[in-house]
Ligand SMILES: NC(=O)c1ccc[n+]([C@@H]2O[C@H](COP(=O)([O-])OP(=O)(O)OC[C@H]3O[C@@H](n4cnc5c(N)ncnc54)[C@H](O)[C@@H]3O)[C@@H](O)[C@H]2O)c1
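Shown below, as structure tokens, is a lone chain in the form predicted alone; questions about how it binds or moves come after it.
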Amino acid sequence: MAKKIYTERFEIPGKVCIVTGGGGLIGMKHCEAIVEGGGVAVLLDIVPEGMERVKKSVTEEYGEDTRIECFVTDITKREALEKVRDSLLEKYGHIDVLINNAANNPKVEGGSKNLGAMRFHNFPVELWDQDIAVGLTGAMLCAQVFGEVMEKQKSGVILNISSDYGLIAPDQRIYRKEGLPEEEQTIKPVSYSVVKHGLIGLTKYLAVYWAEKGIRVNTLCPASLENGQDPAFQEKIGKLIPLGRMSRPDEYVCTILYMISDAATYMTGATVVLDGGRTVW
């Protein structure tokens, strides 16, 4: 067998990797990437059922010796994050990776309260506040609490999960339904775009702030995840994408592992886009 010089850099043996929003579909893919790389996946979510489902599924796939920790945590509360930090440091002595994945994502297939028959002029400020709190303030607080540990270690990786909507505006036409009056049409809310754009700004700020402290900070922009949406919706969005289709959940895993591993040691402040080419049109 030929000697491995480069592929071993994709391995993250024993690294403690935190994933916020760990109970969702993309959270599961982050977990799979961490486990496959040999790391310890630490899932944070405010809903325990999702995390347990992810843990069960990943453990069945990768074996009983898979290391997955679950913490029911409100990431908008600094004291809750500090409890997670202290628990991990007591058990492992280090925290190596933070994936800021949590968001109030308004999904077409999910009946989300922030995706519905609302116009910009009457979008409730309460929903705006909630979305900003989870998606942006939560990411900042996690970076503060866990990034401080990395700074003391002089090593660490932060990966902020944005979206193609962190680079472009939502095409509201794909959410429209024929025959409905304007006031009943669904829109992708303003808060989602602002959060996802804001995460890219947070990445750039922290990448420079911690450049000399051994911490790398990058953004991943996944897009158009296939997850049981109506075929008519999938067809409409497919026409906006050069590859002609939505992404499969498993198409993110290898990129995630690359970005959090030593395979990407010279990458910081970068935005990696996985959108099937949508943002080049």
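Counting begins at 1, following the sequence as shown. Computed from a predicted model, the values in this text were never measured in an experiment.
Another form exists, predicted in complex with the ligand; not displayed. Remarks below refer to it.
Q: Which one of 139, 103, 145, 97 is close to the ligand in the predicted bound form, taking close to mean a heavy atom within 4.5 Å?
A: By the 4.5 Å heavy-atom cutoff, the listed residue in contact is 103.
Q: Quick one: of 150, 206, 134, 159, which gets a non-hydrogen atom within 4.5 angstroms of the ligand in the predicted bound form?
A: Exactly one residue meets the criterion: 134.
Q: Heavy atoms within 4.5 Å of the ligand in the predicted bound form: which of the stretches 119-127, 72-80, 170-178, 85-93 has them?
A: Result of the contact check: 72-80.
Q: Using heavy atoms and a 4.5 Å limit, would one call residue 163 a contact residue for the ligand in the predicted bound form?
A: Within the cut-off, so yes.
Q: Is residue 32 part of the interface with the ligand in the predicted bound form - any heavy atom within 4.5 Å?
A: Residue-level check for residue 32: no, no contact with the ligand.
Q: With heavy atoms only and a cut-off of 4.5 Å, decide whether residue 26 touches the ligand in the predicted bound form.
A: Result yes; residue 26 sits at the interface with the ligand in the predicted bound form.
Q: Heavy atoms within 4.5 Å of the ligand in the predicted bound form: does residue 39 have any?
A: Contact check for residue 39: no, nothing within 4.5 Å of the ligand in the predicted bound form.
Q: Verify the flagged residues 44, 192 and 224 against the ligand in the predicted bound form: is each one within 4.5 Å by a non-hydrogen atom?
A: Yes, because 44, 192 and 224 each have a heavy atom that approaches the ligand to within 4.5 Å in the predicted bound form.
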